[in-house]
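This document opens with one chain alone, in structure tokens, the form predicted alone.
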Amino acid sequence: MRETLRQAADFLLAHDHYDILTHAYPDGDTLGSGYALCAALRQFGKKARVITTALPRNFVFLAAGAEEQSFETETVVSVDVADEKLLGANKETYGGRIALCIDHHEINRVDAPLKCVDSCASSNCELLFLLFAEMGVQVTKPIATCLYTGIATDTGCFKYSNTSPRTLRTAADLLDCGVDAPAINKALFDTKSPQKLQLEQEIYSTLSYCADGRCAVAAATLDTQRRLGVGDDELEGIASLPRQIEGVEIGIILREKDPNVFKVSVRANERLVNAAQFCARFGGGGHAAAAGCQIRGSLDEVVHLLQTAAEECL
């Protein structure tokens, strides 16, 4: 891994005019990675900007200080993107143009000349912390805030099994840089809007079980989202809801993106089921404990497909 980090560091220091790509429906890790890398590159006098499909309200603070820069793109880097199709609306513009892929997913299908991938990292931001050390980046408070946010969100505030001793040491180093962890943790994990509470109630009402209660599936349909007026802010974090139920080994949330097009989020007991391999059946991927895919069909059809697969796995 050290050699790969060195290659990535040399590449980033040798080029300029960066477009940094995040994945669609961005979370704290891809956005934290994007804005941390943008700030790091600007330390070396380089031009860089973050390209994202959205900036959810609860993550706006990550973009503080990232003033817009105008330039002609020379170098494209992706962060926390396991597959080009996850670029969403940006795939048409940037597909086939990624020069460096920085990622931590177990399955990575990005076709890039240079890839810096560490599936042992809890998050892409943990990997970036190591990369920044190779580059000689000064980890300022804003950069540390971005990195901490990515690590905290991808580890469930350090609750998930991907939290390693290195993860905790990295978080401690970031706290030494001035990160206000209590404020970030409260905003991201302990604060819910009234709309989100309503959404969770609706989701729980759709729960169905299979495999003797060891798999739970729930959905947020387009009708529900429109009726409640919820956006990406409220939808963040709902993937973990079914897995919190006692006895559930595979928790699945369906989010209807377009009519009969569902974004599927899977959370699993990785000792029994590999979520990435489960989602790979449907063209997706991710991590052993958390993964996703996209399936077309009616709600009943998609639920049946997933429950059949879960029963086979369990």
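Nothing here was measured: the structure is a model prediction, and the numbers come from that model. Position 1 is the first residue in the sequence shown; the rest follow in order.
There is also a form predicted together with another copy of the chain; it is not shown, and the following applies to it.
- Residue Leu207 is the only one of Ile238, Ala133, Leu207, Leu114 with a heavy atom lying within 4.5 Å of another copy of the chain in the predicted complex.
- Site annotation in the predicted complex: the residue of Ala63, Val261, Ile51, Ile245 reaching within 4.5 Å of another copy of the chain with a heavy atom is Ile245.
- The stretch among 119-127, 138-146, 78-86, 195-203 whose residues place heavy atoms within 4.5 Å of another copy of the chain in the predicted complex is 195-203.
- Among residues of the shown chain, Ala218 is not one whose heavy atoms approach another copy of the chain to within 4.5 Å in the predicted complex.
- In the predicted complex, Arg57 approaches another copy of the chain with a heavy atom inside 4.5 Å.
- Though the partner is left out of this view, Ala171 does reach within 4.5 Å of another copy of the chain in the predicted complex, counting heavy atoms only.
- Within 4.5 Å of any heavy atom of another copy of the chain in the predicted complex lies no heavy atom of Tyr94.
- Contact annotation for 145-172: residues with any non-hydrogen atom within 4.5 angstroms of another copy of the chain in the predicted complex are Tyr148, Cys157, Phe158, Lys159, Tyr160, Ser161, Thr163, Ser164, Pro165, Leu168, Arg169, Ala171, Ala172, listed in sequence order.
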